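One chain is shown next in structure tokens, namely the form predicted alone.
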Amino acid sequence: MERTLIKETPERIGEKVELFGWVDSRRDHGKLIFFDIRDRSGIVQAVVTPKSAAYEEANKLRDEWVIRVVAEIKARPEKMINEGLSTGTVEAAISELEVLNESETPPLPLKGDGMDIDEDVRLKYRYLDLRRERLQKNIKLRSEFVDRCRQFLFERDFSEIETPMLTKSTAEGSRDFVVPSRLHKGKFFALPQSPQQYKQLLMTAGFERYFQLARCIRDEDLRADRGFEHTQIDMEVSFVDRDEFMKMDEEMITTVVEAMGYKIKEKPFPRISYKTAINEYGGDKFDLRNEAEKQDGVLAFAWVTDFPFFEKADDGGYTFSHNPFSAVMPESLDDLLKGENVENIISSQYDLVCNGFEVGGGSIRAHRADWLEAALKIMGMDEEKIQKDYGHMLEAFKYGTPPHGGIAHGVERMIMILSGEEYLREVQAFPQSSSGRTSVMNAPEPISDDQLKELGLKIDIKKDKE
């Protein structure tokens, strides 16, 4: 007999089916035993009568036991229909029952949204926490969003290309997580903060339209909407200007979220300069919705453009406002190359904001060596450091790199907005805790002396003075 998913049971009335899942809850009503069976598709009520061969086994059932049943699907009497359940018009009359695995009493309640449970407990038992309906919906929503973006890009001749996880430490705005090399003792890889340089090198390689679901790892201070790890839909396209790329990206976001049933406040998305955003909204991550639109879950997207390329650094010099690989707007190119009027150099950067969050950031890139080198010199780098940190990019740009631009969309931020969640951890399967520790597994933790010796490392931990 072929397995039937629970969501299919309303179409199988009068048929005998085989169901697999978990005992969601169990109830005794006199001699009748009722329990709910849950699988990935939903919940259905099951009933066992004393005449059933499964009656004795059903008497032993407890919540979260894993079972297989054979049952006849019957229509419920009209007065017994459960309007709050998609399978509420039917019930499963059990004739066979097999316990596939028992379960101890879970160490945390699995009913409800779980928001009142201590974070450390939820993440220690995340594989149980994920069984709750809210998190199941969030993770599936994430999967649907990613899939729809993928299909949109494939239909437009994009190639999905992976870039390395072990790379070089360069300045990209955050601290790197570093990985010691066993074969090259005393030297380190860095985990990628983003695939920025590799995707530009792919444009040099002639792929023209690239994307990937990129894992990005940054040693940042943690907050509700930011963790050490996140996923971004990373895109890069050759032979586009700023308006052309923004139009393409806007089409993807609009197509995907409307297909998922969401309403967008304004199309095309408003374009607001950075200066206007600061003056009118007090920041560049603003919410354009009114109170009624907030209640209705409307999505208010907007583009922020015309960012200053440079900002003052703590040492009195200049640093980049977003990343050093952006091109400048055409009217700022002479100032960039001359190193003049630095405060007024405008970047080609564009950010996409939605409902008060930044959900994407990109730019038209520097595709010429002299453009990138000029930006690095304004930031105070000498020729030796430029060649050490960025020489590979400058070399690549000598060989016919086309004009190109791209964007990266934070998947978690977008799903937080679509699901109405307030915390990043509610849309990730296995997030870090607010103190920066992993779910389920106890990390970070010390490594053995043998591992340290093999890597040529010694640990010198200086305790804070009391």
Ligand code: ASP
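For every residue, the number given is its place in the sequence shown, counted from 1. Note that the coordinates shown come from a computational prediction; the quantities given were computed from them, not determined experimentally.
The next section is about a form of this same protein that is not shown, the form predicted in complex with this ligand.
This chain appears without its partner; in the model of the complex, the one residue of Thr87, Thr163, Ser238, Gln232 with a heavy atom within 4.5 Å of this ligand is Gln232. In terms of contact with this ligand in the model of the complex, the residue from Arg289, Arg122, Arg218, Arg150 that brings a heavy atom within 4.5 Å is Arg218. For Ile407, a non-hydrogen atom is located within 4.5 Å of this ligand in the model of the complex, even though that partner is not displayed.
Although the partner is absent here, Thr254 lies well away from this ligand in the model of the complex, with no heavy atom inside 4.5 Å. The closest non-hydrogen atom of Gly361 lies within 4.5 Å of this ligand in the model of the complex. By the criterion of a heavy atom within 4.5 Å, Asn323 is counted among the residues contacting this ligand in the model of the complex.
The stretch that touches this ligand in the model of the complex, counting heavy atoms within 4.5 Å, is 188 to 196, out of 271 to 279, 332 to 340, 110 to 118, 188 to 196.
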